[in-house]
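As a starting point, one isolated chain is supplied in structure tokens, in the form predicted on its own.
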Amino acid sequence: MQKLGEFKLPHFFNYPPYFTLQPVRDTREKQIQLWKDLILDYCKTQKVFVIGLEEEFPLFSNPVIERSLTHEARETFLAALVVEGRAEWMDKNHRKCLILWHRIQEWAEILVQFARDNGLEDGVVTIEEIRFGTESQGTDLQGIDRTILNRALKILEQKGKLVVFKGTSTDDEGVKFSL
């Protein structure tokens, strides 16, 4: 089985037709589903939050079989994730895609659990501590994309579960949980 670092690639990754958009609808639907699952799994395990369509991305080529996805195929697979709510285009030209291996609501729930697990029910923590602090090491929150984190915090703020304090710089923004 082929690997990208520690990530085990599925068997279809070595099957050349999967690097070409399939013309038969049923086959294409299966192909799209396989690619969506692969992209989400890879992004979660490798903590990838943004994929640039015009940038190198390890999954989009397989040097072993000398195949690469076309721009159209890349956009098709990412657009399918967007339709499912598992990704969002970051620009109107569809050059960058924000990958939501957890939906924003799920990220909000992860934040609540993080606060409970770390005794922060009425505590204050900086946004950078959530992203890079000792407590977040080894969790899905470690290195979380700032855009995703801010949107999850906003959901919780609207529900009255926390307050976000703006600092003089992005390094000193804080969160006070009220769980």
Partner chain sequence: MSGNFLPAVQLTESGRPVLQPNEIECFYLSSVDLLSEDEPSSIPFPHLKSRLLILTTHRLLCLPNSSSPNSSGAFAVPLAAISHIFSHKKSIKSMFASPRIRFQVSLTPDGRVSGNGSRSVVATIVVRGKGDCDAFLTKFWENWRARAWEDDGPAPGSSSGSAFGSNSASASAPASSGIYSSDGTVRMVGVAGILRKEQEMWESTDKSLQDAFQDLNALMSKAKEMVMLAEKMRQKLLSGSTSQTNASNDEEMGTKEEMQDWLLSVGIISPVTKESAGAMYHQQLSRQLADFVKVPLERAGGIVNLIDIYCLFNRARGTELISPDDLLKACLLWEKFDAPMFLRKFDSGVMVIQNKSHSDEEVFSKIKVLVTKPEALRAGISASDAARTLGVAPAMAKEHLLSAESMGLLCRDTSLDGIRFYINLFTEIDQDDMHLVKDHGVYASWIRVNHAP
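If you're wondering where the values come from, they're calculated on a predicted model, not measured in any experiment. Residue numbers count along the first chain shown, from 1.
A second form of this protein, the form predicted together with the partner chain, is not displayed here; the remarks below concern that form.
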Is the partner chain in the model of the complex near all of Lys8, Val24 and Asp37, within 4.5 Å of a heavy atom of each? yes
Check Pro17 for me: does it contact the partner chain in the model of the complex (non-hydrogen atoms, 4.5 angstroms)? yes
Although the partner chain is absent from this view, report whether Thr147 comes within 4.5 Å of it in the model of the complex, heavy atoms only. no
Report yes if any heavy atom of Lys154 sits within 4.5 Å of a heavy atom of the partner chain in the model of the complex; otherwise report no. no
For Phe12, is any heavy atom within 4.5 Å of the partner chain in the model of the complex, or not? yes
In contact with the partner chain in the model of the complex (heavy atoms, 4.5 Å), from 136-144, 109-117, 37-45, 123-131, is stretch 37-45
Near the partner chain in the model of the complex, with a heavy atom at 4.5 Å or closer, the residues from 58-89 are Arg67
